[in-house]
Structures are given as structure tokens and as C-alpha cells.
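Listed next as C-alpha cells is one chain, alone, in the form predicted alone.
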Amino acid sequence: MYLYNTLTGRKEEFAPLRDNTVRAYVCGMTVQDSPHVGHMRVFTVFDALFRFFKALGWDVVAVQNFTDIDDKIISKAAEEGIDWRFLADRYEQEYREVARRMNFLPLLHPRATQHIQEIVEMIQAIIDNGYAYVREGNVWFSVRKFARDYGYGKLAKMSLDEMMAGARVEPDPTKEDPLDFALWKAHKEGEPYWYSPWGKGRPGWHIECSAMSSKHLGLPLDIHGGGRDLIFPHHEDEIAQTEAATGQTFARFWMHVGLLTFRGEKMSKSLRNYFIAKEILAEYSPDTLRHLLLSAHYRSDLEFYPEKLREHAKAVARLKDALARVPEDAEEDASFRDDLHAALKDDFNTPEAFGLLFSALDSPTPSKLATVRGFLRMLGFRLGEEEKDDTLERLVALRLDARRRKDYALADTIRDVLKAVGVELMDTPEGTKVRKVR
């Protein structure tokens, strides 16, 4: 298996370092808003990759965090006049529902706010090792000192001068150098805070991922992944923090997924050019979206437009139609399966694999089609085996969200509609129970 390593700039042979187990960390959602299809591209790529690792006989322990405290979360909660914790929980639950519909593998999803102790301990280690300093309750990472001793910019392939020219520099009079970044932010009136040796405050963004990945996976990680837009400053700073705190290599392989673009620009909330994942899934199947998001090589940018989903819906329908005629007990073509696996072993080349799949439809045999079915299921496609009572599950989830938002009128309406069609909802301390009464 060969994967492109952003750190070295080349494809390298990959295998897990310890116990036949791949230990991987993927930067997850900052839960300030609804997940969009740009997020889904990153998470779908890694979901399919982890599934392939399992097919190769490796175990996978994967972590995908929730950043549930952040400037944007605080700001949006203030705009809506609600508690920041409620806002974060709302969008975490929305992501979890989208992930369920997308058939993502279950992963460990730690929250940043559940790891304040680990964050504080890591920051203290960085201070003790001489790579951070405290000013008026803020703790800043000393970039130039770390650069002299370890080298900084090795992931982004940028010099300090280039970083100064293009960095999103965080201005603050307590910093010794404009490049220094926050490990701990001193408390401001009206903001949430935790206690620390440096006073009340909250963690910076980058340190959260360093602490959570180290705690749950140990060092070094086999793979650290995310979108290409995270290479600098987020992932560069994660490397610096973790190595400054521990003196150990942080991650062996760095994998970055290309951008999902719309009209040539990165799909992002700041540009307001994004498409909400749950709205796409209300119109198209998870298989259709998964097929689209895996249709380009993961390192390439992928242009998205809603009409494109129709093309992929037709492609998925063609696959399902061909596979419906193949008995479940049909034997697979081992040689054809090896060809498909060879494509994925070469830096997870899904478009090459899909090309082979569709060529099999042009000259189908039962064994080749059985192989196509097994391969697609391995990549996370359901192939028509949709979720049981999906509509009911979505209504129950919608009612739960309404109750959390104290929209009791909507919650009662959903309950009454379901009762009218023979489904009774019972709220218990263990959660909502569903009983069909006729």
C-alpha cells in the first residue's frame, strides 16, 4: 500500500507501525453550523480509506474530534441569544445524523471541552520545555524559538518570511512576535472559561487537536488527515506544539484531501457558497453522494454543482440495476478483485477503481458483478439496502431536536402525526422509545 505523504512530498509505502493497527486522527467539525458537502468530502474519503484498511486485514482505531469551543461558536451563540453549549450540541447532533445516513464507520468523537485537563498539561509541558510564554493570562507559542531548534514550516513547505506575508496573524499586544499563536486565551467578560495555572481562560484552536490525538492514539500517529486548507497554520502548528511538548514525532503520514469547489472557489461558510449536507440527502441517496465525492482522486480539487448529482444518481442506478440480477451467493472473480485493490493500493486511486467497475458492466459475468458488489460494499455503499424505517428515524430525530430547542409545538405535532399512523412515542429516562400500535 502506497500513500502520498504531505510531509515528505512523495508516495511512500504504508503499513501500521504497531500491533497491525492503523492509528489515525482526522480533524473534525467545528460545530458552529450545519455540515456541508465540503465537509462530507473529507469524511467520506477517510471513511472509505479506513474500510479498505480493514479489507487488507488491518485493525483501525480512528479519532475524529468535535471542536465545541471556538470564537465562531461563541459569536454565533451570542447572535442567536442562546448558550454556546446548546449551539454546539445542536450541530454535533446534526452531524451525527448525517454521518449515520452516509453509513460512516463508528469512530471515537471526543469533544475539546472534555479534554481541558489534557490541554492544560500539554501547554504546561511546552512552557517547561521553553517554547511558550505567559503574558497577562495568555499563553503564546514561540514560533521562532521552535523553528531554530526543530524547524517550522516543514509540512507547509514555507519559510518564516513567507508565513509572515500570507499568515492569518492574530494581533495581540501581549505577543512577542507576530507569528506566535495562542495556546491559551485569557478570559474576556461574557465568554466561557476554565481554570488553569495562568488564570481563567480557554484553549486555542490548534492545541485541542494535539491533546486529543495524543491522548486517544499515542505517539506517533500512523496517519493525521484533513482537508488541504488545514495544512497551514493548523497542522503545522499541531506538529510544533506536540513535538515541543513531547520531543517525539507526532505523525508518520500526513494526508490531505483536495478542496470541494463551487464555481472555482473553495466551498466555505465564509463565502456562503456551500450546500447543506442534510438538504442534499433529502433529495439524493447517500450512495449517490458517496459516489460523487469519491469520483475524483482524493488529492485533487473537485468541482461541485447540484446538477452533477443527477449524473451520479444515474451511474449508481446503473450499478444497482446490474447487481440486482446477481445472486448473493455468486463467487467473486479473484483476479478482478486484485485489480480493483491494486488501484486503491496506489495512493487510494478511487477514480481508477471506478473505471474498472464500469468496464465490468460492459462485459458482465456473474463473478465480475459479484466482485463489483463486494467492492462497493467494502467502500461503504449500501446498494439499495436503505436504512429500515428511515423516515420514522428521521422524524424521531427531528422531534428530539425540537424538544432540545424547546419548540414543543413542533414536537407535539410530530408525535400526533405519528400516532395517527399507528406509531406511539414514549419519552423515558433512557431516551425516546418507539412502539407500533397497529
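Counting begins at 1, following the sequence as shown. Superpose the two forms; the largest set of C-alphas matching within 1.5 Å is the rigid core. The shown structure was predicted, so the numbers you read here are calculated from the model rather than taken from an experiment.
Just so it is clear, the following notes concern the form predicted together with the RNA, a form of the same protein that is not shown.
- Using a 4.5 Å cutoff between non-hydrogen atoms, A277 does not count as a contact of the RNA in the predicted complex.
- With a 4.5 Å cutoff on heavy atoms, Y305 counts as touching the RNA in the predicted complex.
- At least one heavy atom of R318 is located within 4.5 Å of the RNA in the predicted complex.
- The closest heavy atom approach of R373 to the RNA in the predicted complex falls outside 4.5 Å.
- No residue in the set F14, A55 and G199 has a non-hydrogen atom no more than 4.5 Å from the RNA in the predicted complex.
- G227 is the sole member of G227, P110, P286, G204 with a non-hydrogen atom within 4.5 Å of the RNA in the predicted complex.
- Listed residues Q114, S295, S75, Q248 were compared with the RNA in the predicted complex; S295 is the one with a heavy atom within 4.5 Å.
- None of 358 to 366, 186 to 194, 214 to 222, 147 to 155 except one has non-hydrogen atoms within 4.5 angstroms of the RNA in the predicted complex; the exception is 358 to 366.
- Along 108 to 128, not one residue places a heavy atom within 4.5 Å of the RNA in the predicted complex.
- After superposing the rigid core, the C-alpha of R399 moves by 2 Å or more between the shown form and the other one.
- Annotation: V423/M102 CA-CA distance shorter in the predicted complex than in the displayed model, change of at least 3 Å.
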